[in-house]
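In structure tokens, the next block holds one chain alone, the form predicted on its own.
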Amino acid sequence: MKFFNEIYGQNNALDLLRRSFARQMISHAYLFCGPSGVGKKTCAKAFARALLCQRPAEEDACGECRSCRQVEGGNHPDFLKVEPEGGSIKIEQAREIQRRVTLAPFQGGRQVCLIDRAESMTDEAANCFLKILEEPPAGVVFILTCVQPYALLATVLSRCQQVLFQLLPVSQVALILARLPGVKQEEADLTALLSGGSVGQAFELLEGGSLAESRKRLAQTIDAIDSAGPGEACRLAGSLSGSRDETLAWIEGLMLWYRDLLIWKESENEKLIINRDFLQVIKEQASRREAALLIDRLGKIEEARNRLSRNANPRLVLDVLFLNLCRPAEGKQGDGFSASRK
């Protein structure tokens, strides 16, 4: 678990939280919103530790007191973490939040409840949680993280202080990665480009093994989808399916690859290409595809990403996406279940 001064970028968000903490002007509910992988959850944990710290110093947790050690170990009795179960936060979890926060704090005078991916609440859970926010118990601080604040109830949004997190400049992500042991500058630069400014995604790309191998597989998949029928499209989808995060990584990879194909098709500017180490493959694939088809497929990939963010089944999302990708651009638009292949 990190301290505030160990969090990369996000100076505006950190300054707001530090000022609130230093002045003891703590809101009863915060909403940390921004793209995936930019440090929302990391910052939320650091803020929670500071709020529960027994000997805070310099607008941060001390890291040494009993409360800090308990938060670090995941066993602080006044720190409740709630995460989606099976893709969503359910009514039973909201009721447990309600039960816990009505109890008196076990240590000190404050409780902190961290709700990760708050937009994944079911309607029943969101309405239950709203009742808690409308009459918040004294001494309770809620920290919600989300990627899509518009997916939350407007009444929940209005009762939270919003803290915005942003993507970092690619150059800054590259500098961060280059400081890691065993990471060469060339690898840091490429990974930063592929991450799009998300430090979390950059770390995942480095931890996931060979970037070149995964993108080589993407290139082969894109070639295969052009001649695939529905059965082959589902087989290809099945070969890439995995957890929600793994599926999202493949969808993001497809998005970047098709983006490069379109950029080369329209501009032939090598400096604008992200997958630069596959430039010859990009050129060859772009030469065999019309711009209209590339634009159409980018739209379908964006639809798949949105479905996944709304907690759709990852395998189903990939199946529908690949069924759509194997159809001509002029074909019927829709979910991909009922349209017949031309």
Partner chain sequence: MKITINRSDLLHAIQTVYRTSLAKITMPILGGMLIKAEEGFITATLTDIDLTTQCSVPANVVENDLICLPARQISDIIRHLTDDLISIETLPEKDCARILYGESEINIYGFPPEQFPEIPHPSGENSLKAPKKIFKEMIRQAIFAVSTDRTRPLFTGVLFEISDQKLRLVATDTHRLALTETSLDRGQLTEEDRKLSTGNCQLATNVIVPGSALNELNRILQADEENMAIEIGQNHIFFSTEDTILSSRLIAGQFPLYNQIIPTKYISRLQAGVRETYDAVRRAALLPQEEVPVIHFSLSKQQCILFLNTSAGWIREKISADYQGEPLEVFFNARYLMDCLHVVPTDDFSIDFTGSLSAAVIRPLERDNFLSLLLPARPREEKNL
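All values derive from a computational prediction rather than experimental measurement. Residue numbers count along the first chain shown, from 1.
One more form of this protein should be noted, the form predicted in complex with the partner chain, which is absent from this view; the next part is about it.
The candidate stretches are 191-199, 218-226, 68-76, 154-162, and the one lying within 4.5 Å of the partner chain in the predicted complex by heavy atoms is 68-76. Though the partner is left out of this view, residue 105 does reach within 4.5 Å of the partner chain in the predicted complex, counting heavy atoms only. When contacts are judged by a 4.5 Å heavy atom cut-off, residue 306 does not count as touching the partner chain in the predicted complex.
Residue contact check for residue 184: none of its heavy atoms lie within 4.5 Å of the partner chain in the predicted complex. Taking the partner from elsewhere, residue 287 is found to have every heavy atom lying beyond 4.5 Å of the partner chain in the predicted complex. In terms of contact with the partner chain in the predicted complex, the residue from 270, 83, 92, 123 that brings a heavy atom within 4.5 Å is 92. With the partner omitted from this view, the residue of 100, 265, 259, 244 that lies near the partner chain in the predicted complex is 100 [heavy atom within 4.5 Å].
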